[in-house]
Ligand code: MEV
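Before any questions on how it binds or moves, here is one chain, the form predicted on its own, in structure tokens.
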Amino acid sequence: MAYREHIKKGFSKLLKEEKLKLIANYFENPGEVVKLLKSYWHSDSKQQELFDEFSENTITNFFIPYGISPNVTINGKNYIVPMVIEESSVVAAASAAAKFWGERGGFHAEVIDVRKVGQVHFGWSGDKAKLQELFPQIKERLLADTAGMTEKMVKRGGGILNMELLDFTDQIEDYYQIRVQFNTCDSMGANFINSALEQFGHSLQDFFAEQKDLPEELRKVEIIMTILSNNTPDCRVKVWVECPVKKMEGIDEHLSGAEYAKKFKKAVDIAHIDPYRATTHNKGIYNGIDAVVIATGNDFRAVEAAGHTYASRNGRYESLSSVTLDNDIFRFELEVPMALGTVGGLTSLHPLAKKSLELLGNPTASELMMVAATMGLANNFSAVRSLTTKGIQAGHMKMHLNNILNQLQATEEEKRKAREYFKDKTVSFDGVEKYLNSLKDK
């Protein structure tokens, strides 16, 4: 079989074993590839069937480390936080920050709001004023037609909160939008929102078809699309730490606590004016947030997309965290949009997602928002602390040493000697490779 030859139609209809063997033929050693990929199948066939149904065309599982950050104090409550991430030092950084701030009052957090947004994008060629006049009736019709599907959510304290008509005809001909705000309680709510919006689309078309006083050409509405938005500026959480600047003593042996607090603030301020720095700064925040979001079966892509949009709310991309120094009090704060769920979806299906939530004490969606944001601030603090003192690479490369040793296929004895040798030395790939070669020469 020629390398990268087109796969014939019908791949999705093949059995899993057939897909696996077909894909293996794209490698130099098909037999070894089949053996490798099968080694990552779950030993329990029922569990594997469950994993296979999470996605399409699955041939194996891809493992990512599941770590723990213990003793994270948020609003006076202790949490053991699960984190799923492959990047070296993220869990260690979060744990170090949790310990540091645990001795200074812990993290403080609050959920600002939980409103999520859905949109009905439609086209109508009639008079704008007429559409505005009809909108109260349209709104009433849409709510009535979705009452059955929103009933249970309303009983839980959620449902449809608000609905507004937006006119975009100055930018796209005949284009309007109905923007809807939802409260989905402890579920992330994507399916609930999208189902309601699709019904809105049908109901909007039916409504206009029934308007006999309108010319026939105006009784037609083009439903362009109906979909939730991952931009959730009104589903937002704030987390912060604070202490007197004198309690920052010792972070930098060359600076007093007050001097170091000013240096730390300056580093964060730079991320507010320079998008190049802000991008890396915010990536460090999402190291912590994503790890919790993934561990609990939530959608980290949606969470990140909302965060990056929010970071651009002032017309330029900037830091999501900020520092204030007032009356000798250091305050480090993070405010981010975050739509999470603790019921439904993968949170209820993935065995480890369920256990993650259990480990966290079966939190509400709002509580989970606070936990995830806290780990974002924790990682951000550790990163900026490292950058403004000994540098980021010292700690990161120490954690990365094991990966380098594994890449170089070091023996267990060589690993032991290398860890001892690099205790007080800078770790680099070339340096480790040279050291292993020196052992072999001896």
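Heads up: residue numbers just count along the shown sequence, starting at 1. Worth saying up front: this structure is predicted, and the values here are computed from it rather than measured.
FYI, the form predicted in complex with ligand MEV isn't displayed, but the following is about it.
Review point. Pick from 250 to 258, 282 to 290, 122 to 130, 138 to 146: which stretch has non-hydrogen atoms within 4.5 Å of ligand MEV in the model of the complex?
Key: Contact criterion met by 282 to 290 only.
Check your understanding: Just one of I68, L387, I64, L50 has a heavy atom within 4.5 angstroms of ligand MEV in the model of the complex, so which one?
Key -> If I apply the 4.5 Å criterion carefully, the residue I get is L387.
**Study point:** Proximity to ligand MEV in the model of the complex, single hit among D299, E335, D274, E87 (heavy atom within 4.5 Å)
**Key:** Of D299, E335, D274, E87, the residue with a heavy atom within 4.5 Å of ligand MEV in the model of the complex is E87.
Practice item. Would you check, heavy atoms only and a 4.5 Å threshold, whether A383 touches ligand MEV in the model of the complex? Key: Close contact exists here: in the model of the complex, A383 approaches ligand MEV to within 4.5 Å, heavy atoms only.
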